[in-house]
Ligand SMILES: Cc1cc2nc3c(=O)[nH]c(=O)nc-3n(C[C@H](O)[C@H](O)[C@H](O)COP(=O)(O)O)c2cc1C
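Next up: just one chain, as structure tokens, the form predicted alone.
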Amino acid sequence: MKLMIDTKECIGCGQCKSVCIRDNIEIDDVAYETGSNCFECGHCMAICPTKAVTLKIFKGREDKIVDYNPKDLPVSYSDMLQFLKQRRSIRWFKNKKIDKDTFNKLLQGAYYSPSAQNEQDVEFVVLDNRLNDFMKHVYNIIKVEEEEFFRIKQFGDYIRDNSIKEYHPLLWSGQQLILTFSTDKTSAVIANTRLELLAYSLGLGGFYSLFILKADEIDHDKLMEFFPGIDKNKHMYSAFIIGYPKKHFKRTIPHKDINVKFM
């Protein structure tokens, strides 16, 4: 059994049962758990009008519970759309690093992120002091494709002699990198996207690197040698270079039309 149901507070309204997709709750004067296959999504806990339902795994984390009015959204559609319009990839950064407290603020977005089957197995690595070591490790993996991609060739040349190019071919002027690991790609990408949007709200910026991700695609086992503390069943699904923007853009640019089929 994974739920704690306070029978003194439960009014038997059935709200918890109505949102349980695993049929784990029944009502008989008060709610009770059938023990079928709860996957601890917390919907029952989030909808109970009397706070009678809690999950055992969250005991001791009561400070993370926040009440809100679902009809009172903190941001309007137009404000949110404008925020998304102003997001741009940033590659030119100030010579200023992000401190740990700020990173912890960003990770709050990922903390509340959804995950496949509620696995909540997303992990982050913030590379700072070991960033150069990691990038050399990446190059040793992806160099097998440097004849196909000129950027990888530039990357190798830069590692051998960084005086030949003013900026790093993959990091540009970035000094810190966030990597996201998970057993599920969608979970990792959603978590990092939420983190990224919070970053823009704090005056930060960044960009995603597909070339760094190639290291996982080409030789996952070799890549994970750099991260002995992370489960090898998890893959690196996002690589986000982050920092304080040196350049600030003033307007949107047109995009290609989105193809949508309503069927």
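In case it trips you up, residue 1 is the first one in the sequence shown, and so on. In this text the structure is predicted, and so the values were computed from the model without any measurement.
One more form of this protein should be noted, the form predicted in complex with the ligand, which is absent from this view; the next part is about it.
- When you look in the model of the complex, the only residue of Q117, Q82, N129, S89 with a non-hydrogen atom within 4.5 Å of the ligand is S89.
- Interface residue among F149, F103, Y111, W172 relative to the ligand in the model of the complex, by the heavy atom within 4.5 Å criterion: W172.
- Residues placing heavy atoms within 4.5 Å of the ligand in the model of the complex fall in a single listed stretch, namely 203-211, out of 224-232, 58-66, 23-31, 203-211.
- Although the partner is absent from this view, H248 stays clear of the ligand in the model of the complex, with no non-hydrogen atom inside 4.5 angstroms.
- Applying a 4.5 Å heavy atom cutoff to the ligand in the model of the complex picks out H255 as the lone residue from 243-263.
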